[in-house]
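For reference, the chain that follows is the form predicted alone, supplied as structure tokens.
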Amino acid sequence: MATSSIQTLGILGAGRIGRAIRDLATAAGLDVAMVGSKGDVAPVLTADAVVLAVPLGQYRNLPRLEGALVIDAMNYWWELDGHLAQFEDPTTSSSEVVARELTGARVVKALNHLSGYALEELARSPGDEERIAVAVAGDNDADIETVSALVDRIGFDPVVAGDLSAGVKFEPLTEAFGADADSAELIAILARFWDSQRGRVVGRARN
């Protein structure tokens, strides 16, 4: 895997997931700026890439990110976010909804399907037999490569799932979500998505 072109990383969200990604990125030698709900977002917005790790229900309150490489690590939880019809629509992935809101941003889905524990404890060096994988989905090949290199750098094997619509394959309610799978296992899980209950629901809605 080529060295990541991301050298500075901004993180919007200071919860468990945001903190875990911050610690991984810092340990990997990146300069990291993280801000919670009341902090100054300016240092985050000047980073090479911005990770979204806030509750998904807040997506309409995100700062302007036009032109930015945005890594969407958010998930829809109706218990937390309330019922939001746009995220319950099987014809679209949650990241596609976010991308439509963030006009001009280059959105890539990644780092959303691992648990806080996995992010905190299961990062491994390349080649380690216990290394687990992270799915990556986006509409721009160069951005997918850049985010994949970041995933590799912070301790996980990147697996390209497809375009941004393929993010639906590793959202909550899917087999991939929360699975501490290696790259071969994750590839197989993503491939059989359309044969799963969730995949059949999505497939019927999209056809």
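We number the residues from 1 along the sequence you see. What you are looking at is a predicted structure, and each value in this text was computed from that prediction instead of being measured.
What comes next is about the form predicted in complex with a small molecule, which does not appear here.
- Among the residues Ala53, Leu164, Ala49, Ile154, the one placing a heavy atom within 4.5 Å of the small molecule in the predicted bound form is Ala53.
- In summary, among the residues Ala133, Leu111, Ala99, Ala137, the only one with a non-hydrogen atom within 4.5 Å of the small molecule in the predicted bound form is Leu111.
- Against the small molecule in the predicted bound form, the set Gln58, Asn61 and Met74 is in full contact: each member has a heavy atom within 4.5 Å.
- In the predicted bound form, no heavy atom of Gly199 sits within 4.5 Å of the small molecule.
- Put simply, Thr91 is far from the small molecule in the predicted bound form: not one heavy atom of it is within 4.5 Å.
- Contact between Val32 and the small molecule in the predicted bound form is not found at the 4.5 Å heavy atom cutoff.
- The small molecule in the predicted bound form comes within 4.5 Å of a heavy atom belonging to Gly36.
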